[in-house]
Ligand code: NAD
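Single chain ahead, by itself, as structure tokens, in the form predicted on its own.
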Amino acid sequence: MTSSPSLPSSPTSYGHYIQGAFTESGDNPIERQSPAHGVPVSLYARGTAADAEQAIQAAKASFDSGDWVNTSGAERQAVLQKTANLIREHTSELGLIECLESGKPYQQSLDEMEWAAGVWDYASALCRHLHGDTSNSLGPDLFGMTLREPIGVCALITPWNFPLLIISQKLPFALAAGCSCVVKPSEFTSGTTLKLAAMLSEAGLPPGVCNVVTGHGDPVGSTFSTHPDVNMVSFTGSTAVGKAIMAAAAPTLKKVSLELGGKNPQLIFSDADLERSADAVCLGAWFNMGECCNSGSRVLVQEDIAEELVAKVLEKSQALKTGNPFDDVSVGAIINEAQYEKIQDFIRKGKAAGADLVLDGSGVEQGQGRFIAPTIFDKVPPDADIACDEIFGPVLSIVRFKDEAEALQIANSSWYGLSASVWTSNTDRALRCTRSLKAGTVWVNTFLDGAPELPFGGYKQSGLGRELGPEAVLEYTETKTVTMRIQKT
């Protein structure tokens, strides 16, 4: 375990990062308090529409100048790889910022820095593999080819639950394609994104190619989403906000990529390894306090093993510690008061729905922080709010099923389709379920495993497009067709 950090004596003040330099934070900054300690840890510039406009124009000027667009794949790779190395060099600093601002356990924050650096490693390799195609079968007089060109200025809007990791699932791929970017991190967790922008400059990224404006969705995010000089918006967050961004972007017909919510089922059949299944249930439900779009908060378990599985999950969950993220805990603090009240309301709804409350973590009190410990509902009706809606908190709903057909029907009844998992020792069943589940990611006998090489995104109302994987860089490109007529001799 890494040595425990300490609270800062005063909050860190940040300005916007535009044209390769930090601005002043201004007279009316946004104060961020640690959700685990109740003390100020960060002061952010309160972005205006004018700030967003300035960042967009800086990005557009950098794109039009060709300073980044015209670099070779090898040059881009060097910048992205150096950025990955800088993230690793500053792991302790970045991890502490993320821990203080998000409330997640410090050790988990450190782990996320390595995961993020690994994505930059992978994206850097794609810089040298971006290419078009040729067509030499159009007849003796014609030759055709396609070019992959950067789409232009990209607006990247990110949430508060995995600040550095999620911007790392967007920004390096946009840069690998040759785009210029404007970034709006969450007003709750902007620190690591601002540090990242400075690291990019240190790594050799030209000024104006990456600009960060902090503040609220209105006016910063709304300006990014509607501005005619922004060619693409990539957003990660709630489905409701994703729909609003899509509508805002429609008048300018800019490309929109969305990674949205999920209510992800884990299907556990009677022939599953119950010990491993129970471990995965706990990981899926309690990881990052349940504040995760991939949270496995909806467990579907076959009736004849339900009692045994619930007992194992209960025992493992009761052994986990909730509290100060500086300590050796598994569950940290809830991000803000609004989210805390939303989770408490879902717990009340679960009780009202008649589900069995097996473990109630709603009453945890520790100092000035906001904490909710693991909370488990069993025998949840499939149509109950806690079984259908994304809670984004440490609340697990266990739904029982009779057979495979019923399990799939319940799993696919959601309007979400981000991820799912299947637990069985029967290979045929695993393949049948994998084919039938309407989700962008399906795990078999595991949960939350992944790598930058594997695409990530959702079906249905869980999003549009894919991040990560070999084609992630293509999201940030346009395809140009070139047709040449060959003169006869």
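What you see is a predicted model, and the numbers here were worked out from it, not measured in a lab. The numbering used is simple: start at 1 and walk along the sequence shown.
As for the form predicted in complex with this ligand, it is not shown, yet the points below apply to it.
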Decide whether residue 394 counts as a contact residue for this ligand in the predicted bound form under a heavy atom distance cut-off of 4.5 Å. no
Please check if residue 222 has a heavy atom lying within 4.5 Å of any heavy atom of this ligand in the predicted bound form. yes
Do residue 235 and this ligand come within 4.5 Å of each other in the predicted bound form, heavy atoms counted? yes
Taking 4.5 angstroms as the cut-off for heavy atoms, does residue 357 touch this ligand in the predicted bound form? no
Though this ligand is not shown, can you say which of 158, 277, 180, 193 has a heavy atom within 4.5 Å of it in the predicted bound form? 158
Identify which of 153, 334, 418, 99 has a heavy atom within 4.5 Å of this ligand in the predicted bound form; exactly one of them does. 418
Of 203 to 211, 303 to 311, 386 to 394, 361 to 369, which is the one stretch near this ligand in the predicted bound form, taking non-hydrogen atoms within 4.5 angstroms as near? 386 to 394
Determine the residues of 241 to 275 with a heavy atom within 4.5 Å of this ligand in the predicted bound form and present them in sequence order; the list may be empty. 241, 245, 259, 260, 261, 262
